[in-house]
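Consider the single chain below, provided in structure tokens and representing the form predicted on its own.
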């Protein structure tokens, strides 16, 4: 049985309080979304280091950049859609251009915006953030990995974007590693297919292994919690060891993980590749499971794409 999904705002609030106790240079900057991000415990414990700029995302990023310029380590959080689009110029000019030590957190990321509406769903934040020179981009796959990613970002020197869905599974099944910025993590050793996944889609990718096995396809999953800098060595190795690759994400495939892997493999190891995710579409005003099915971000869709890529042959000939 799977671990239940965990609300990341609880985890974020807890780890911020821990970091604040350890390091007086930690600041939290909010755009009046403490209920969504979960940073209220930090406000209660360290009110002089918690700044609410109101509904002003551009100011959020600008003020965080100023704190970093003065030697602080600010965690600036707003909804991922607002961070990537409304504050995009400030992220580029105030943070990335100056290589300031700002930690940007995009909450309610991807399809987990659910009934807040299609206008709020962030389907391009990974693409925007990975295009910023010098920006490190983290997309954790479970709640514990998210906790570790926030901690890792706090001691990493330079700008970081952390993608924070509303919910993630407590712990990915069969997990044996401690998160570090940089590496990909492999599950299984099948040599027919590599399913490359990130964020909440990694759980779906792991579900697909059994479906693929039943279809006679020996697969592996490569979990990519660090989008940038990408662990290209692991991606290329897996592509060389298998006959095809499929990417899966709750993000547009253009600019997202799918685009990133296509760029990487085209240059180094061309193999048949399918990209599962949002295809030239905005999100819906609907719950997460409905949207995952609607956009084909499911284990059954992974299996269908695998059969198509491998000509229905299943096992290696």
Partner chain sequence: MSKDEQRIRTAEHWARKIRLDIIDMCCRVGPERKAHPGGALSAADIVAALYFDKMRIDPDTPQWPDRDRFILSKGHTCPVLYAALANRGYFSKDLYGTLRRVDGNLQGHPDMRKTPGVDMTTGSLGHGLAAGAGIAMSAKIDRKDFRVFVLLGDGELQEGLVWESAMASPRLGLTNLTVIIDINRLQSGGSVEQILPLHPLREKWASFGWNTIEINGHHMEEILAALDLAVLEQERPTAILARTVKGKGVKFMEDDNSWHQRTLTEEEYCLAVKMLESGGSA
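It should be emphasised that the depicted structure is a prediction, and the values quoted were computed from it without experimental measurement. Numbering follows the first chain given and starts at 1.
Omitted here: the form predicted together with its partner chain. The next part is about that form.
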- Decide whether residue 270 counts as a contact residue for its partner chain in the model of the complex under a heavy atom distance cut-off of 4.5 Å. no
- Does at least one non-hydrogen atom of residue 120 fall within 4.5 angstroms of its partner chain in the model of the complex? yes
- With a 4.5 Å heavy atom cut-off, would you call residue 68 a contact of its partner chain in the model of the complex? no
- Message: Is residue 116 near its partner chain? Define near as a heavy atom within 4.5 Å, in the model of the complex.
- Response: yes
- Task: Could you spot which one of 278, 26, 33, 274 gets a heavy atom to within 4.5 Å of its partner chain in the model of the complex?
- Result: 33
- Query: Among the candidate residues 284, 292, 254, 262, which is the single one with a non-hydrogen atom no more than 4.5 Å from its partner chain in the model of the complex?
  - Reply: 284
- Message: Taking 4.5 angstroms as the heavy atom distance cut-off, pick the stretch from 124-132, 200-208, 81-89, 142-150 that is near its partner chain in the model of the complex.
- Response: 81-89
- Query: Counting only heavy atoms, which residues in 47-66 are within 4.5 Å of its partner chain in the model of the complex?
  - Reply: 52, 53, 54, 55, 56, 57
